[in-house]
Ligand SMILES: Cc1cc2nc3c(=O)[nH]c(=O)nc-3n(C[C@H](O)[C@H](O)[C@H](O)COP(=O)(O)OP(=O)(O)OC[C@H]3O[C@@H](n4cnc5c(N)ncnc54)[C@H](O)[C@@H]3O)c2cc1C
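Here you get one chain, nothing else, as structure tokens; it is the form predicted alone.
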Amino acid sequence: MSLPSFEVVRPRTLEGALEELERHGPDAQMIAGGTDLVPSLKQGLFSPRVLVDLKGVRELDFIRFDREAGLELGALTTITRLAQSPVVAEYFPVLQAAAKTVASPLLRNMGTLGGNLCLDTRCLYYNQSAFWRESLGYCLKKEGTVCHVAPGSSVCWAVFSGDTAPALMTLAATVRLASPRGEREIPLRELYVNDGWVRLTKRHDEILTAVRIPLSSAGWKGTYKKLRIRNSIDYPLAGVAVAMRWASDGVCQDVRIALTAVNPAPRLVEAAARLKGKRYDPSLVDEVAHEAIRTAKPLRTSASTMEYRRHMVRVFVRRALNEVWANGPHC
């Protein structure tokens, strides 16, 4: 599989990047690390006439921690820098745990936070060569009319498989989007659409420029559990992020659980609210872990079975809560 023909433009400022997107319209596509996009180009999943290379926009590469405003991360921050940041490790451990699981060291060196948050959704019927997809009649996400995962569905069930998004959702993160019309900031959870084809609420001419985590989420204990075939490189088949804070007497003050790779969008588990105001109780942990299955909707989008991925969501929620909560004060 070879790359299609395209032009590459390399703006040096955010303003220049926005101008290029506006100039070329639907023919343009953004690229930063390229760790996900380049293989997709080779598979014929995208055919842009222009690639807008954002790597030279250095104003989007930063990690800033303010004891009043919280943590701000530039979209071009590499996953490696995120995983190795002392600030992230000390104040936002769930994010560090998730970043450390992304792909391999070489890919983490190239991949960016913005790219990981805006990953294309993945599916067994979509992430194939053009020849393979043509033989199947294509699919709802690309050139076809049927979702082969759920033939009667009007939406695409390709899954979102980013690792940093669920971790950031447990930290109540927001994202900043810039366009020729100005900037807007939205909760990260509102960036995603639970449809594998639509994917994002981000418009085509918008650039995700930064992520902000409020100071109120600093110091929460957390962890991230990831199911994959090869532990050294693969996308998650299921991912669970947990972040929690508790009082000195061991009572849970607040907790958030988020899932990835089991829905077209990363999702928060509403049943986590049952843990608030409670002390550590293994039976309560099991109850919430079981309820997490109601949020997870893993269908036949990967080489693994639906039943196994659903089962591992429950296992990982239980393991993550036990790891975080059982090690708290007076537990």
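The structure presented is a predicted model; accordingly, all values stated were derived computationally and were not measured. The numbering used is simple: start at 1 and walk along the sequence shown.
What comes next is about the form predicted in complex with the named molecule, which does not appear here.
Of the residues Ala261, Leu171, Ile257, Ala75, just one reaches the named molecule in the predicted complex with a heavy atom at 4.5 Å or closer; this is Ala75. Though the named molecule is absent from this view, in the predicted complex it lies within 4.5 Å of a heavy atom of just one residue from Leu299, Ala265, Ala272, Ile31, which is Ile31.
Judged against the named molecule in the predicted complex with a 4.5 angstroms heavy atom cut-off, the residues Ala89, Arg212 and Cys252 are out of contact without exception. In the predicted complex, Pro236 approaches the named molecule with a heavy atom inside 4.5 Å. The named molecule in the predicted complex comes within 4.5 Å of no heavy atom belonging to Thr121.
Not displayed here, the named molecule is approached by Leu37 to within 4.5 Å at the level of heavy atoms in the predicted complex. When the named molecule is considered in the predicted complex, Val155 lies well away from it, no heavy atom lying within 4.5 Å.
With the partner omitted here, the stretch from 109 to 117, 81 to 89, 179 to 187, 135 to 143 that lies within 4.5 Å of the named molecule by heavy atoms in the predicted complex is 109 to 117. Contacts with the named molecule in the predicted complex, taken as any heavy atom within 4.5 Å, map to no residue of 124 to 147.
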